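To begin, one chain is listed below as structure tokens, in the form predicted alone.
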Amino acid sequence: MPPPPPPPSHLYIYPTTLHIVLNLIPITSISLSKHQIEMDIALNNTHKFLSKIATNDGHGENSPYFDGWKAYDTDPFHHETNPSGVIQMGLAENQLCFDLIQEWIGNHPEASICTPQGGFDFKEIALFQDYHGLPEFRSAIANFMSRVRGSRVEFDPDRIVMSGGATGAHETLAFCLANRGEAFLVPTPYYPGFDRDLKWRTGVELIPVVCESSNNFKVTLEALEDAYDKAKESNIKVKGLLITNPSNPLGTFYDKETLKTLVGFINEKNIHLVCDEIYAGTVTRENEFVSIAEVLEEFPTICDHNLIHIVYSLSKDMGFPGFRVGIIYSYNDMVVNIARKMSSFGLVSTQTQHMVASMLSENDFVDNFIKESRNRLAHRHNMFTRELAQVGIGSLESNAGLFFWMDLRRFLKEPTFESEMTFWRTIISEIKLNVSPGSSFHCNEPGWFRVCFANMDDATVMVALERIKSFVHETRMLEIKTMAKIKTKKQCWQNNLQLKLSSRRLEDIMSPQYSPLNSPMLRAQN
């Protein structure tokens, strides 16, 4: 018998498979409005006229990493207007030193071409379009990169290639170094955005180098060789190794010996080494951080320098993500030349170059900013991890980055990624915190979460900590009640068992078989 006709205002889809869009998906017992279906059909028709790159999911927005951002956007926390909203702890922004920036801007109005004091340079700056960038901008960036690294190494302004943020820098390097289908090795866990930055438009692949918590997620030569061999077995050509130093999401950094091992590995394989050092200025103890540039300077014959490339930006160390100042610093002349040509697709505006050059050329300001930023980051990091440790929540030991790697493995019902995602949804919907699950960073162990701490004020930090503490307290109370119930049930079972055994013994005693009349002694007397 055919199904009854649908209501006039809706199309009811019966349990079957309906082909609505290009991705054929089974739809079971759901109701869609005519308008929604018309939109889907229109989208399907539109896709037919667009490229595969434009319509695929290579941007990675279906990742829990970005889903957490969407949850925040739909219900953002605000102290007054939405005190029960979601607190954004999934965004690695450095907002702790904007008072220093604003003070400098107030004292240097001539740095902006949009002020009366700086307007005399307006025409010259507005007309400048050389993709090499303003000479003073490249010199200031080279100076800042050096001072962030304790002035232990110098950078050549002529090797500075600008790009639209570190995102653009990574993609440009991928285009320069690898062909579609070739790959980079990447130690895990790693920044989810790499799947977009390096893969989406270039067609380059990323091959995980598995690192484990048993040695604090340190990369080993054995893990590198294993990943390289597996790629070779799959007929995938490895063109390079990509590392983040300091690490996002771990908040740790490589020591000199490890860097030497990595350089030796890439030199032996004759592949490139791309070092993302965008968090170099966030290391709270500056003398401990070692840049790959320092390794090359101290050991000049350790490798072919043409294989080494650095990605940098002002998004993290200065807190300027909106300025889109990304930097490629390559020791390969050809890469510098080609990357500079490619930078035409993502230049930094000359207005931004002009202001940044003015600010970063002032060494007293730069040195004070770096020092104060490190102190404030260390204070915020220590406060967060100390407060969490008091309620039994641990984290990976770290002293860099704008985040820490929180260990919530004991809260999972099972040691699986499904259980991790279930718990993450609880954190989002009930605790109202957007922290990023480890699986979105390609971590091979469930239960780890990245927590960002520098993108909020002190009052919001206290609210976040209080929510976490309340959750842990409620969880403990629930565990205690559960254990009490189990203990009570066990005690009742034992009591019932004792009662049954006692009743059985009484029945045995009263049974004819055990009657005194049946006593052997009595029978003997008779």
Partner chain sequence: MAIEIVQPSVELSKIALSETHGEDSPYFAGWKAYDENPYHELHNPSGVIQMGLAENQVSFDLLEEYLESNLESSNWGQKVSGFRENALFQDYHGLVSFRKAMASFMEEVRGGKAKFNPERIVLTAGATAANELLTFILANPGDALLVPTPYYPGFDRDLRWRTGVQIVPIHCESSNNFQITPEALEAAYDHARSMNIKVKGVLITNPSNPLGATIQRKVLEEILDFVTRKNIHLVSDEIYSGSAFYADEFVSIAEVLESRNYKDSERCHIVYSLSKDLGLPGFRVGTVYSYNDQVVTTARRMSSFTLISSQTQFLLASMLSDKEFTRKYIKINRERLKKRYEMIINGLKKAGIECLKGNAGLFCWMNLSPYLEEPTIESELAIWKTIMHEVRLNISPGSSCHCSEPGWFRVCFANMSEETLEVALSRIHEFITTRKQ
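Worth saying up front: this structure is predicted, and the values here are computed from it rather than measured. Numbering follows the first chain given and starts at 1.
The form predicted together with the partner chain is left out here; the points below concern that form.
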{"property": "Heavy atom distance at most 4.5 Å to the partner chain in the predicted bound form, all of Ser139, Val311 and Phe423", "result": "no"}
{"property": "Heavy atom within 4.5 Å of the partner chain in the predicted bound form - the one residue of Ala231, Val153, Cys176, Leu134 that qualifies", "result": "Cys176"}
{"property": "In the predicted bound form, the one of Arg409, Arg159, His442, Arg196 near the partner chain [non-hydrogen atom within 4.5 angstroms]", "result": "Arg196"}
{"property": "Partner-facing stretch of 363 to 371, 388 to 396, 322 to 330, 242 to 250, counted where any non-hydrogen atom is within 4.5 angstroms of the partner chain in the predicted bound form", "result": "322 to 330"}
{"property": "Interface membership of Asp304, the partner chain in the predicted bound form, 4.5 Å heavy atom rule", "result": "yes"}
{"property": "Partner proximity in the predicted bound form: Leu221 to the partner chain, non-hydrogen atom cutoff 4.5 Å", "result": "no"}
{"property": "Contact of Arg476 with the partner chain in the predicted bound form (heavy atom, 4.5 Å)", "result": "no"}
{"property": "Distance check, Ala126 to the partner chain in the predicted bound form, heavy atom within 4.5 Å", "result": "yes"}
{"property": "Heavy atom contacts to the partner chain in the predicted bound form at 4.5 Å, residues of 180 to 215 in sequence order", "result": "Arg180, Arg196, Asp197, Trp200, Arg201"}
